[in-house]
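A lone chain, given as structure tokens: the form predicted on its own.
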């Protein structure tokens, strides 16, 4: 028998494909329903897949070629066919973002569809079951200690996720088991999480959103992101912030974020400001939300009524810097409670790249968020979960 631990995105797919080999499969889940991260993803819509896969946008501390190989093990076209033809969920492309959502725009359809498919294929799902331990049995296979008693299995798939959004059931059980069994682990950290800090105007800017470019420098690294930026009551969120948040959460050294609030260059701002005879803040507000425009002018030291002809050189330079390379104040981050994924995890060198079987323990497989790789928001991490879940499921089933 194959036992899969964790009924999230990777676990549901792993169990389904393990069962497709003809082996009996039992799926253990500590919550009462499973797949809770699927339910809250994409604002309740579930961004199932990106329209194109870009391995260079994934982050890992393991050899990058191992991560790329795993991503390519199940091409996006085949993943889409699986969801539309086998799970029975028609997908629709959101053209302005390149994201694929269920046409129903209901994340619950995705979770329920995966559960139903697994059940139809013959997977036995056991909810409200906590795994307390895992060890090799005296013969071939594994002994699993659960809250409902012991189980034996020929092969075990760990698909318990990481530490992000703990209220969905992610408590790090699989990571602890993998570590206790001697696997190499890269340090964990919250990733794709909002950042905290205070902009000029404080909470008065909460709710403002706009497209920006962010450049991050720190710990000997430099990276840029572009996309939506959202002011929150505690700091900043949106795709551009989430995609660069690991630069902040992964290191204890100081990280500096510079924001360009528009796609306008320094010379374009300089020429337009020089040409105005009216309020400088009104010029800025042509391209930015008015509250943000006023806050940036104030932060540059401009009186509210400062007019173009009255602008001093040092004021102009200070304003243009804040418009094109604003030093975003940071105080911290929202941590695992708001993180979409966990960075770090099981080193990819500790699993066989063609099967996801442990190099240390035959018959033990790992997949999904437990592994040391994650991508940007936009369906990339689901693509990782589906691909690695399938690979582990097929290999574990064939072993059984």
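It should be emphasised that the depicted structure is a prediction, and the values quoted were computed from it without experimental measurement. Numbering follows the first chain given and starts at 1.
This next part talks about the form predicted together with a small molecule, which is not shown.
Chemist: Decide whether residue 391 counts as a contact residue for the small molecule in the model of the complex under a heavy atom distance cut-off of 4.5 Å.
Modeler: Close contact is absent here: in the model of the complex, residue 391 is far from the small molecule, nothing within 4.5 Å, heavy atoms only.
Chemist: Would you check, heavy atoms only and a 4.5 Å threshold, whether residue 17 touches the small molecule in the model of the complex?
Modeler: Because no heavy atom of residue 17 falls inside 4.5 Å of the small molecule in the model of the complex, the answer is no.
Chemist: May I ask you to state whether residue 368 is within 4.5 Å of the small molecule in the model of the complex, using heavy atom distances?
Modeler: Yes - in the model of the complex, heavy atoms of residue 368 and the small molecule come within 4.5 Å of each other.
Chemist: Indicate whether residue 280 is a 4.5 Å heavy atom neighbour of the small molecule in the model of the complex.
Modeler: Because no heavy atom of residue 280 falls inside 4.5 Å of the small molecule in the model of the complex, the answer is no.
Chemist: Based on heavy atom distances of at most 4.5 Å to the small molecule in the model of the complex, which listed stretch, 116-124, 162-170, 259-267, 308-316, is the contact stretch?
Modeler: Heavy atoms within 4.5 Å of the small molecule in the model of the complex occur in 162-170.
Chemist: Between 276, 130, 104, 143, only one gets a heavy atom within 4.5 angstroms of the small molecule in the model of the complex; which residue is that?
Modeler: It is 130.
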